[in-house]
Structures are given as C-alpha cells and as structure tokens.
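What follows is one chain in structure tokens, specifically the form predicted alone.
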C-alpha cells in the first residue's frame, strides 16, 4: 500500500470509474482511480461513494488530500488533510474577514498567496483564537488564493480560498463561538432607521457608510476583548462567544425596521429593544446582546437597555443571593440586552464595554448602573446604593453576595464623591483607575485601564458562566 498527499488536479468519470490526478509524487503524472463494481456489496459501495465525494470536494476547494492506493493504482482510502486555522465565511473585497485558530501569536500577519502575487496584511485585532480584518483589501487578487497566518516564529498551514468582488454579505458570522446549539452571541447591526422625537422615521445615515460601520464594529469587539478589563477573557471565555454582523441596505425606515430612537431634551440615541428579536429573526439569528450602530449629528450619545431574561420556570437559571435575598441568573434572554453605538467612536475606547455593562445586566435580577451621577432608582441595582443623607458615613460593607462580604469604595476611586451625593459604590479591583461604569475618562491614567469593581465583576462572572454553560 502506497500513500501520497497533495491537491487533486483533475477528476473525471469514465463509465463506473472515478479517475483522479493528484499533484504529488509519484502521482503527479499518473492517474489513480476508484472503480464501482457490480460485485461490490452495499457497505463497499458506500465507502467508495464517500471517497469519491471527498475527491470532488478537494478538487473544488483546493484542499490537500491523502490517498492510499494499491499496486494497481486503485484508491483504497482517502482522508482530508488537517488545518490549524479556519477562515470564517467567504473572502469578499470590502467585507469583514476573520480566521479562527488556536494559540495564535499576537504578532501575526495574514498572508494571501496567488499565482500572480503575495499580499501580507496586518490584522485589525488579534486574539489567540481569532484574527479580524475590518475589510478585505481589494489588492488581494480575485479567484483562488492560499491564506495563512505568519509571525516571526510560527506559520500556520496554508488554506485554499476563493476571493470574490462582492457584494458584501448582509448577515455574516465574524466568529462562530462555541460549537453548540446556542452559544452566547453578540450581534452588531447597522441601524436602518431612526425614530425622531416627533415620532417620524428617517433613514439612518450609517446605511450609506458601510466602511465606517465596519470600523465601529471592530472597535466594539476590540473594546470587549483586548483592554485591561478581562471579564470576557477569563477562563478563555471569549473563545465561546459568537459574533455576528447584520448590514441590510435594502430596508426602509419604518416602525418595523428602526432600531434606534432620539431621546427628547438630550443628545442621547436609545435602542428600540422591543424590535430587536423580530429584526434578528429575519436573518435566522438570535443574540444575547445587540450593538445598534448608528450615525447622527444631533443625537450622538450612546445608551443601553438591560437584558430581560426568561423566568426560571420557563428555561432555567442559576440562583444567587444578594443581601440575603434570592435572585436568579437566567440562561436565556426574553429580550436581548442592547446598546446604541455611534460610528464616531474611536479606534481604542472603553465606551462599548461600558454600555455592555448595562446591556448584559438583567432588568429584573440586577441592573448595573451608571456611577457618574447621583440618580436614584427603584429597580434592583448591583453596583450602586444610597445613604439617607450625604452626611451619613459610607458603610464599610457595600453588599453580601452569595455569602461573601464586598467592601465599599470610600473615596470613589480617586474621583471623590461630591459633598451632596448620597450614592456610593463597591470597592474597585484597581483603585488607581476610575470604575468602568463611572467617569472612566476622568482619572489620572488612560481610560483604557479602567475596570469594574470587585462585586460587579464577581456577579457578572457568575451570570456569564450560567449563560455560557446553558
């Protein structure tokens, strides 16, 4: 039995025989075959059909195969070669492009090889499990290319791909997440329409600027996965998160399609979260969190709405206690958490993570509130409490979560509590930087170093674990 590994150069049917030429010695100039004989029993015919299908698939895709054949040059076994990277979705000029893998070095570049040229591109974001491109460059030749990742000390397997000119996809998976029925999913959606203060519906200008939508979307992912706050990176959790994008330029601005609305007497753009589930369903998508990417000259401030989980009796959950009262981390959202995100956000910013903090909390079982104001609320807040009057001392213990006492922050993480405030916060993980849910731009150090407080971090860790393990 001889073995040869290479790409399938030619394949054809001659009667009841599949004939193939494989580009590897000693088969480069010799044909091998699979013969379907009348004496073959059903299991044998099935095995031969599978091998023939593998040959055809390898011929179309350019993937290498390993063929084992006997002295008569008849194939007896075919296996597809393994790859250590996996491109996500088609390669389209101007569209997102991402590649999954394992232990990807931070200094990789993406290399595209074709018959005419080699193009090396620096990714816009690198994680050990994935690299992202905001848009596939038009310099990459159309047609068959071979893509690989390359760093100073490592090169991945080359993977054949076909590059085409477009148009970009309407709905696209940026990273597939955990291979399960419903992985934790974050959706990025270009906003088709804005509901104005007057109640009218107008086209969102973002629909005419796909390139800026792409940049803002990757900025959101970068904020969640690459800054100092490691909430989503702990335990390699970001490998489990599915990211999807929806940009549908065919939609008009109306009640059904508008995903954002202007807030009166402010510059705030709010998500129309009651429309999100039906909007996603058009594209066979579900999400736990939706970032609605918009553009506005008058209402350019982001905001968020907390998730509303299903009741425990409906789809299950994990119980927790907060100050002795039992609550639950629900497994599935009845209404996904949502946040608006302006296309004007910078390349490196904590704003998406700040809004994620609101959106990923639960409307009924614990909301994560803004800490840069003294506003009170009747809803259950995880990270904010109030004294009877501002002259009262701040309690040493902020709250008891699952039987563990979490201290208060007596000095408001260096920013200082205004003398008339009655609200106070939990102790920070890194007290030298403002709380991520506070005025994180107001500290001495870079806002990119801001993190959550210890209590909110522990609460979110349990909440996300419940959802990741559902």
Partner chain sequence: MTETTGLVQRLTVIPSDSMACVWIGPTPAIAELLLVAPGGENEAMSVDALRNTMISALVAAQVSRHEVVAVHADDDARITSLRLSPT
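Positions refer to the first chain, counted from 1. Remember, it's a predicted structure, so these values are computed and weren't measured experimentally.
Quick note: we don't show the form predicted in complex with its partner chain, though the next part is all about it.
When contacts are judged by a 4.5 Å heavy atom cut-off, residue 179 counts as touching its partner chain in the model of the complex.
Using a 4.5 angstroms threshold between heavy atoms, residue 36 stays clear of its partner chain in the model of the complex.
At a distance threshold of 4.5 angstroms between non-hydrogen atoms, residue 53 is in contact with its partner chain in the model of the complex. Taking the partner from elsewhere, residue 48 is found to have a heavy atom lying within 4.5 Å of its partner chain in the model of the complex. With the partner removed from view, the residue among 129, 358, 329, 384 that has a non-hydrogen atom within 4.5 Å of its partner chain in the model of the complex turns out to be 129. The partner is absent here, but in the model of the complex a heavy atom of 79, alone among 376, 196, 312, 79, sits within 4.5 Å of its partner chain. Using a 4.5 angstroms heavy atom cutoff to its partner chain in the model of the complex, all of 89, 239 and 242 count as contacting. With the partner left out here, its partner chain still marks one of 79 to 87, 188 to 196, 318 to 326, 343 to 351 in the model of the complex; by a 4.5 Å heavy atom cut-off that stretch is 79 to 87. Shown without its partner, the chain has 169, 171, 172, 173, 175, 176, 177, 178 in segment 164 to 178 as residues with a non-hydrogen atom within 4.5 angstroms of its partner chain in the model of the complex.
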